[in-house]
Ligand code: HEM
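Just one chain is shown here, as structure tokens, and it is the form predicted alone.
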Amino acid sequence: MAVEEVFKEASKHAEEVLMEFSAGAKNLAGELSATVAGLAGELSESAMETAVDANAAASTASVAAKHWCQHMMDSFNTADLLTLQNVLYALLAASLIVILIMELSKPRLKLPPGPKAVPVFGNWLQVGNDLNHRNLSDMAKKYGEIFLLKMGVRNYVVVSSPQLAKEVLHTQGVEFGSRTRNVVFDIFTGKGQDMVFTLYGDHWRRMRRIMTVPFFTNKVVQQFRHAWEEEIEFVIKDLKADPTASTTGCIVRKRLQLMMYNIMYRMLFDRRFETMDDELFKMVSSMNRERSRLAQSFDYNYGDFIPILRPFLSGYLKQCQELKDKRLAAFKKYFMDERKKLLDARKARGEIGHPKVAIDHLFESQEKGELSYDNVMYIVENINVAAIETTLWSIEWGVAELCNNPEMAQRIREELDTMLGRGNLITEPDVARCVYLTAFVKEVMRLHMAIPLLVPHMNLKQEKLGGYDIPAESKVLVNAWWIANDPALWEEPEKFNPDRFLTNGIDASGNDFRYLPFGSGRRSCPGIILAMPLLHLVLGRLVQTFDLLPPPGVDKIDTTEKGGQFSMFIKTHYNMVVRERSD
């Protein structure tokens, strides 16, 4: 019985202790809640009164927290403080105080306007994945020339005026000179080992300097212009030989694509593909086309915006990685290794004086230690997409506009016939004298800008833009298409009208920030020196040789556009009748 009484007494005492602890815990929780609430109020009031000095608010919070913790320590005896409940409540209190201090210590930023964001998702649920140039133009009409989209963890800053474009590209070109990538472009560029997507700094400057010599000088243009003109002649010859071209029509783009590959591969590797049926050409162009599709799609944006959703992209990213590995292996096996074998054989025979092509210069830079093997590989990767695809898109737009506007095609033909004489096809030195043809090319790139948002920029540190604070590592998009199609800046911008460029004196080099098809400043597209003469030569020679007509039963070529991450191209590759000129 004595044992039973002892157990009863112990149980009774335990209940009293637990009730006391429970009551103490409740009192502590109540006091804690009231104290933290009061502290938050004090801190908020203090922060509001001293908004110009966030550090003062943080200091106030720190002192208040210290006094409160000392007060709580004095309120409990040692036994109470050792209880699990009190320890947990103390940790909770400390955590809440730290959070308050951190929040109040943050600098008060004046952010650009934009739609109200929700936690975690930001504006993603409102805006969606498709951030094409037209959707962003509609938002600019609502929120102004600069606005902010919080897409999950990403900050997107969109600028839509010449003045702010100049700030980003020129005045603060260093501050906003870096590139932001996403999960897919990280794969295809080796996390910025190329030139286009690398951060602004010594590596970019070295890459730009090395790539200028083999690609982006007038000396290069003069070295290869005869090859360009020859490849265009091959196009004309093949179209003349195609019996369907002059009757039911053909998809001219297919032959122009082969032309662009041959032009760039002759400059890069001194190689060309004989026909569209060449198995190597079909393999390379198919892989590049798939690369463009995967990279330009908006379908993977959610995994970039919300990292916690990235596991759902594992299949997509695996597909990208496998394609990248396959492409780079093909470039190495069929082109780079073959070129090295040829160079080694020439060296062994003591041959000197052969003209260099681009890959020769890159190999030399690699031997000097200026470029790594991966740098060379990713430069080749860039050229296969950036140089070939974008120029081809612009040519395709231009041919469509020639077909849909026969009176403009006739004006170009008359200009060239008058200047050169009928039967004398335009050559690269003639381009500078082609006033109307140049206006036509400019209008193609204004209305159908191949890279309508330019390549995205990024600021590594917090910066000011348009009177607003731009958080570090924001993705800054210049909506060059909207700037070139804003009714406040251009008369009837929706109309295709080359005459506007006959009098306004605007060129494509980026000096006038109303018109930026190649960007401007440090990170402008150096390919302008190749693209502009190529567009003149291709469009000019086609007009000199052919009448370009819609296929039977069609009034006009469908120029419906399709946008990508920062690209714009014709949605459907059109069929066209190509007949030898009848006048």
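Not measured: the values here are computed from a predicted model. Heads up: residue numbers just count along the shown sequence, starting at 1.
Below: the form predicted together with protoporphyrin IX containing FE, not depicted.
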Protoporphyrin IX containing FE in the model of the complex has a heavy atom of only one listed residue within 4.5 Å, and of A358, L169, L136, L416 that residue is L169
Only one of M151, A387, L131, M287 has a non-hydrogen atom within 4.5 angstroms of protoporphyrin IX containing FE in the model of the complex; which is it?
A387
Out of 340 to 348, 312 to 320, 189 to 197, 290 to 298, where are the residues with a heavy atom within 4.5 Å of protoporphyrin IX containing FE in the model of the complex?
189 to 197
Evaluate R522 for contact with protoporphyrin IX containing FE in the model of the complex, applying a 4.5 angstroms cut-off between non-hydrogen atoms, and reply yes or no.
yes
Contact flag, A439 vs protoporphyrin IX containing FE in the model of the complex, heavy atom cut 4.5 Å:
no
Exercise: S160 in contact with protoporphyrin IX containing FE in the model of the complex, heavy atom 4.5 Å:
no
Please tell me whether any heavy atom belonging to R446 falls inside 4.5 Å of a heavy atom of protoporphyrin IX containing FE, as the geometry stands in the model of the complex.
no
Are there residues in 439 to 456 with a heavy atom within 4.5 Å of protoporphyrin IX containing FE in the model of the complex, and which are they, in order?
M445, A450, I451, L454, V455
